[in-house]
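Single chain ahead, written as structure tokens, the form predicted on its own.
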């Protein structure tokens, strides 16, 4: 079955004073209809740039796609006209941005902003668009939707603004929804409600979701498949159960090791030493080698390819498959006596 979204060898660069900087380096993945793909990694690993590349929203003229392919329903998006992308955005695919207060226009009511996409993509009048907008606010469980329609974003709480963003994204029933850190600024209770809301809407509409996050707890709850990014590359990808039960890249193991576990009474959580390398000064070899406890001379000199390590499970590590006895050393899952 052909995937709804196909990304192949995508390379995105930004122009800087010192020349071009490669931020996304030849990544490939598929998103199937009705499924949720999570893209995870530290800040600066290229997650959000990947989503902006897919949506055709890279800041211009500094950002551009330098190579690769992005196909939506078999249609090539790289090189498409701005008019084609405008017709697609908000209709065939939509995006929920990380911070709703900066994404929502403070000069317009939330109702006007939901209606804008409906009037742009659907052959309906303002009366019908308002009816649909109210119904969307009701679906995202905003109380008194008729009243909230005419309020401005600053009058809503953070959780309600995020719900408005979801209503905007889902109003035209897109086939693909990209959610960039949709729960980062929310407390645990509101976060759970937002995730449940997205899951319910997905079940009702069959929308595929690309969830961008650094929170592996969220990934475990909602994702079907996972892509782990580091320094602009995919270092591991596979079904969520495989990634969590048998991670095959030291970086993934380190991320999992930072999650508090209920089955261990006393646990020391340690961070991954070092920082994500500067994309303007790329290092030879594996980009994670400087922070990896398993790295040897080969890792410092050569870039490992992304290879199969299981059914639909791939890892870019010379040490894969990893020795299960060594994983706690890398993850920091150490029981304190």
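Since this is a predicted model, take the numbers as computed values, not measurements. Numbering follows the first chain given and starts at 1.
Separately, the form predicted together with a small molecule exists; it is not shown, and the next lines address it.
Would you kindly say which of 44, 282, 26, 310 lies with a heavy atom within 4.5 Å of the small molecule in the predicted bound form? If I apply the 4.5 Å criterion carefully, the residue I get is 44.
The small molecule isn't shown here, but in the predicted bound form which of 290, 69, 48, 32 has a heavy atom within 4.5 Å of it? Exactly one residue meets the criterion: 48.
Can you work out whether residue 318 and the small molecule are in contact in the predicted bound form, taking contact to mean some heavy atom pair no more than 4.5 Å apart? Residue 318: no contact with the small molecule in the predicted bound form.
Can you tell me if residue 59 lies within 4.5 angstroms of the small molecule in the predicted bound form, counting non-hydrogen atoms only? Yes, residue 59 is a contact residue.
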